[in-house]
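First comes one chain, alone, set out as structure tokens in the form predicted on its own.
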Amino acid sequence: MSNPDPSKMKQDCPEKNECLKMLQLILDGEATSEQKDHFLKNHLEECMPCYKNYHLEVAIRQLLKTKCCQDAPQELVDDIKTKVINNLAR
């Protein structure tokens, strides 16, 4: 993924909910290579909100990996993901 020109990017995403779901699939390693390539190489190059969400989610995950030494209960992980997605979809 290159460093896109912010002045040429959309400032609103009409497919915000679908993009958030795809972002989670990609970062969880559950997206196909075609889905991942299309989203990262095409959509993120054009869409500022999704570009920011992607980099924020990557940073949060990296921080959690370095600070957490035990696995969180799956229920907690799912609850946090749901809350983040709901807040971003507003």
Partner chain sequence: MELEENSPKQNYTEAEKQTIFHGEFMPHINSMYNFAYRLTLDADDAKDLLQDTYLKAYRFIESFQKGTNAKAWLFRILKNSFINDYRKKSKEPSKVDYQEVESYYNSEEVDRQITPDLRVEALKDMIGDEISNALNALDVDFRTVIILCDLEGFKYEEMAKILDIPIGTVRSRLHRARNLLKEKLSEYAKQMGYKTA
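By rigid core we mean the largest C-alpha set that fits within 1.5 Å across both forms. Owing to the predicted nature of the structure, the values given are computational and were not obtained by experimental measurement. Positions refer to the first chain, counted from 1.
Just so it is clear, the following notes concern the form predicted in complex with its partner chain, a form of the same protein that is not shown.
Student: When its partner chain is placed as it is in the predicted complex, are N17, K65 and V84 each within 4.5 Å of it, taking any non-hydrogen atom of the residue?
Tutor: Every residue of the candidate spot has a heavy atom within 4.5 Å of its partner chain in the predicted complex.
Student: Please run the contact check for E30 against its partner chain in the predicted complex: heavy atoms, 4.5 angstroms, yes or no?
Tutor: E30 belongs to the contact set for its partner chain.
Student: So, D12 and its partner chain: in the predicted complex, are they within 4.5 Å at any heavy atom pair?
Tutor: Result no; D12 lies far from its partner chain in the predicted complex.
Student: Wondering, does L56 line up within 4.5 Å of its partner chain in the predicted complex on heavy atoms?
Tutor: Yes.
Student: Find out whether any non-hydrogen atom of M48 is located within 4.5 angstroms of its partner chain in the predicted complex, and reply yes or no.
Tutor: No, M48 is distant from the partner.
Student: After fitting the rigid core, is the C-alpha of E75 off by 2 Å or more between this form and the one not shown?
Tutor: After core superposition, the C-alpha of E75 moves 2 Å or more between this form and the one not shown.
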